[in-house]
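Next up is one chain by itself, shown in structure tokens, the form predicted alone.
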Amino acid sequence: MVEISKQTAADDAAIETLMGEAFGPARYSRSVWLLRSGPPISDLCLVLRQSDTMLASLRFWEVRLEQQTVLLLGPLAVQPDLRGQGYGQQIVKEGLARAKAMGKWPLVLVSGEPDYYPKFGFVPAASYQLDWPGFVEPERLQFLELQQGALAALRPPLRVRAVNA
């Protein structure tokens, strides 16, 4: 049986190993890491386990979208040999449900696979002309509304920055 729970400090080493296996050593050179300058949102940092084995991990960070604070989803990491078995979907659904229930953020932004995130309700962000730190393929940027009307209220172009930048 799989269980999703909040990450704890005891999970840090296993998560770091999982991230290394899922993304390789170049993960810190991706532009999205420029937005993760502070700590992640601890209540939204999740792990998915089966028995004592960590199968997946998910974190969320706050970022600035112009003058408002929104969530940045990721990194999402699944054991490479277990991809395609639904573990990523389970942990993302749980993370998004928790984020919505908290009622604090209007939107979630992700830099991810263009064909993966729409199943959760994400839509392309290209038309919002995001000014992103560093290089990113525009088709990777996607939004999800946590509060109805949040996307309609956006006025492009929009600057995305780390919360403390």
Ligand SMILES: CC(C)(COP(=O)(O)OP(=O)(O)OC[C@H]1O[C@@H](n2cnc3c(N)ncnc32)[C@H](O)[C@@H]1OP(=O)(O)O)[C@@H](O)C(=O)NCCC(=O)NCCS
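These figures come from a predicted structure and were not determined experimentally. Throughout, we count residues from 1 along the sequence that is shown.
The discussion below concerns the form predicted in complex with the ligand, not included here.
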Note to self: If contact means a heavy atom within 4.5 Å, which one of 110 to 118, 62 to 70, 93 to 101, 34 to 42 is the stretch that engages the ligand in the predicted complex?
What the structure shows: 110 to 118
Check: Taking heavy atoms only, is Ala22 within 4.5 angstroms of the ligand in the predicted complex?
Finding: yes
Margin query: When the contact criterion is heavy atoms within 4.5 Å, does Arg140 count as touching the ligand in the predicted complex?
Written below: yes
Notebook entry, point to check: What residues of 84 to 103, in sequence order, lie within 4.5 Å of the ligand in the predicted complex by heavy atom?
Noted result: Gly84, Gln85, Gly86, Tyr87, Gly88, Gln89
